[in-house]
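Coming up is one lone chain in structure tokens, specifically the form predicted alone.
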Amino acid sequence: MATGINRQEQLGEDALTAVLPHRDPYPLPEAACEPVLSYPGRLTTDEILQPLASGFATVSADGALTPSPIIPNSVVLTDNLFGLHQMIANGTKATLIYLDPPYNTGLDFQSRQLEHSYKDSQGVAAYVEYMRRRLVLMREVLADDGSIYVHIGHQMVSHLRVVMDEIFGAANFRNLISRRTCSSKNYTRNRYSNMNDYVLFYSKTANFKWNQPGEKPPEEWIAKEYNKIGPKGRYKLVPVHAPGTRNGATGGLWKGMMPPPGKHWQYLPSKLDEMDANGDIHWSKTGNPRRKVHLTDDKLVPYTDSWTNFRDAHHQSIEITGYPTEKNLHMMRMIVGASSDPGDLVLDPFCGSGTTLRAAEDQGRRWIGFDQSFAAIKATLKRLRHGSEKMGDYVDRGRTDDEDDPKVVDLFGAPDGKNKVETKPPSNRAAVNFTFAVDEELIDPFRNEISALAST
């Protein structure tokens, strides 16, 4: 009996499986099954979404406290678990969520002012569940046309990929982006140099906002891609026909010739005549027409999933806050522009030094930032109120007699132990209008520290 399957197909890689299925006593899971990470203490989604009582208060410059819900353009001192719960209770939706959470490196982090910022060490299961609970809440906060970017190191990227597939759905995975963090000088012993961290990019649904980002092409790319030069500048040649047959004018004669078999003209013959008259059609020696595409000043090359131009601060002129693990501002502007529109709400649940908030503000988005580190909130408040400083300002020794050119002392203090730091005025003084808010549970234990932050 004819089966429609030839002998070579019968001898393919699944031949033995088809003939001898009884030899495997342990059947594989059904195709629709999705893997999940299992460990003690794993909550169900319903348990995670059970409302948590939380209250917040805004803090004025003089330290006065006023009970208030979390509103857009707020920096909030809180465990983001409670901040996310209140956003859900308020029905607040974000179009873009970016987070740069702890990587579970096993290290402690300090700012350039030697202030303790956060401890980055948990057991693997504890870390996974810590992140999973918050990602479940983030999914509820994310708008249906929204996207989420999780910036993570090599330590936990594979675990979080499984968690993100579980929560957001494997079909909504968009990219695993590799970002180069440093130069090739990052050598290590007994392994390959580690120069990348990673960004997991997911959308909430298949219908998500996307504004294609790109970068200026390098000269070598331009020379290769636009390899011809004419009176109008550099150009490349592309076909004037496209796949598929048409019955109208684009499928008929132009200058006495038909489009190639199975194809049609990309433009109406009248438009092709206009292009030819303008010198935008190139004719080969055999009479084959091709269109000239000229290089324009605004030409951009779309970004790939390998980001090499968004390294961390690597020379003294780059402006930073001094907070550890601070991310590249240009990268954040690109992400904000790609996955949101002006007026949309951007959320950073681990806002650190406020780079995401600054990028969102710069591009006309509303924003909310959470962090439970006093050092992080201090860095963010200072950045939004006063701007940032060049990296070199943190390491210059001593100070000159010129009052117009103050410098800071060495980061680790003078030999005599006098390590008071005097800073230059930030070069970017563009203040941002925003609200500083705190979790009400923190007010009594940290009233003095909160008042100090209010006047930072």
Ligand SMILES: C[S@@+](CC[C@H](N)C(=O)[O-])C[C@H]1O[C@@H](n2cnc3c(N)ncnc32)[C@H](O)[C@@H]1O
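Residue numbers run from 1 along the displayed sequence. Worth saying up front: this structure is predicted, and the values here are computed from it rather than measured.
One more form of this protein, predicted together with the named molecule, exists but is not displayed; see below.
The named molecule in the predicted bound form comes within 4.5 Å of a heavy atom belonging to Lys327. Contact check for Asp344: every heavy atom lies farther than 4.5 Å from the named molecule in the predicted bound form. Using a 4.5 Å cutoff between non-hydrogen atoms, Asp100 counts as a contact of the named molecule in the predicted bound form. For the chain shown alone, Ser353 is a contact residue for the named molecule in the predicted bound form, at least one non-hydrogen atom being within 4.5 angstroms. Judged by heavy atoms within 4.5 Å of the named molecule in the predicted bound form, the contact stretch among the candidates 366 to 374, 158 to 166, 278 to 286, 139 to 147 is 366 to 374. Note on the partner interface in the predicted bound form: the residue among Tyr130, Trp254, Tyr235, Tyr303 having a heavy atom within 4.5 angstroms of the named molecule is Tyr130.
Only one of Arg134, Arg174, His386, His264 lies close to the named molecule in the predicted bound form, with a heavy atom inside 4.5 Å, and it is Arg134. If you take 75 to 92 and check each residue for a heavy atom within 4.5 Å of the named molecule in the predicted bound form, you get Thr78, Asp79, Asn80, in sequence order.
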